[in-house]
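Given as structure tokens, the chain that follows is alone and in the form predicted on its own.
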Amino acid sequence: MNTLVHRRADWTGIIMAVVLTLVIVLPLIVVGTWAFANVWRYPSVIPQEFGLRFWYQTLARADVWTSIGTSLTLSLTVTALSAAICLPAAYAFARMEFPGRNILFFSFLAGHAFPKFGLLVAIAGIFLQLNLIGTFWGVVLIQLVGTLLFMIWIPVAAFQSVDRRMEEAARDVGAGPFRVFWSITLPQAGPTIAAAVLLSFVGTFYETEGAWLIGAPQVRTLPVLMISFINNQPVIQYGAVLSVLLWVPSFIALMFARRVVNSGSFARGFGG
């Protein structure tokens, strides 16, 4: 009887996995097909003509390249600032005891615990008084909020997973604090921290709500431009081409972030 129930449970899990895969993969296939379809008319299941015509037309637009440059500059700036601010804080959370440590640690989830758009509207009201609406640095500040989860929780787990015995052994033979950190701590925590930095970069590159609410129309990132294409252009392929361009950072991030997920570092970070 238990074996029968177990087999039923296995089949249920397999069916759910297949359904979930179809729900995720099928829209990606449709968008990817649209990006390379010169002609695709109903009721045909596949395009009548494949080609790169809309790639040439999309990439020939000056606003596309401007938005790509803006997105890359924003992502690099936000990631660098987030690393400079959050990594020392993550080290302190991982290695030090101080009053209010746990409350401060969990407070970094506050930006993700409530509806994001409501938080952004409240911040936009403050930015309006500070003349930051429609400015590059206004978008940088709003996007910093979205990096806190990755740049605090994952590095904390990385620093906590470092073998303390190796650090103590290095100190016993006369190594100073900086030498211990550079030679022992950083090599062990580095790959996980690098994955957190990459995830923060990709998350910033894709961030849309804050960039649209704070930056538009003066600061237009690639995701904001894609939404404009989808809403205002009668040609579906323009938006599809930009969507495919936006997939590239995701695939790169997934390649490097797999080790974080497989090693359980992210889960250990939530365990404190």
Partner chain sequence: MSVLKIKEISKIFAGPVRAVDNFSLDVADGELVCLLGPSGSGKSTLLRMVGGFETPTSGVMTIDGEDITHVPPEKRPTGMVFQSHALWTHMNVFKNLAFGLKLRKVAPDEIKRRVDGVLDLVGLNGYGTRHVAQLSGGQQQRVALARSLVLEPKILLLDEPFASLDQHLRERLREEVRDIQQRLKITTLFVTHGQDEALSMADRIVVMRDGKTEQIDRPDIVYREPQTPFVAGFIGTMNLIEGTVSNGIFSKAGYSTPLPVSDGPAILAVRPEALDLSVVTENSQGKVHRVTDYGSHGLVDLELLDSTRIKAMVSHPDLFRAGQGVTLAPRAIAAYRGNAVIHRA
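Between two forms, the rigid core is the largest collection of C-alphas that superpose within 1.5 Å. Because the structure is predicted, anything quoted here is derived from the model rather than measured. Numbering follows the first chain given and starts at 1.
Missing here is the form predicted in complex with its partner chain; even so, the following discussion is about that form.
Look at 192-200, 71-79, 157-165, 132-140: in the model of the complex, residues with non-hydrogen atoms within 4.5 angstroms of its partner chain sit in 157-165. Contact annotation for Leu128: none of its heavy atoms lies within 4.5 Å of its partner chain in the model of the complex. At the 4.5 Å threshold, heavy atoms of Gly100 stay clear of its partner chain in the model of the complex, well away from it. Proximity of Ile184 to its partner chain in the model of the complex falls within the 4.5 Å heavy atom cutoff. Not displayed here, its partner chain is approached by Ala175 to within 4.5 Å at the level of heavy atoms in the model of the complex. Positional change of Ala84 between the shown form and the other one stays under 2 Å at the C-alpha, relative to the superposed core. Relative to the superposed core, Ile126 undergoes a C-alpha shift smaller than 2 Å between the shown form and the other one.
With the core held fixed, Ala175 shows a CA shift of 2 Å or greater between the shown form and the other one.
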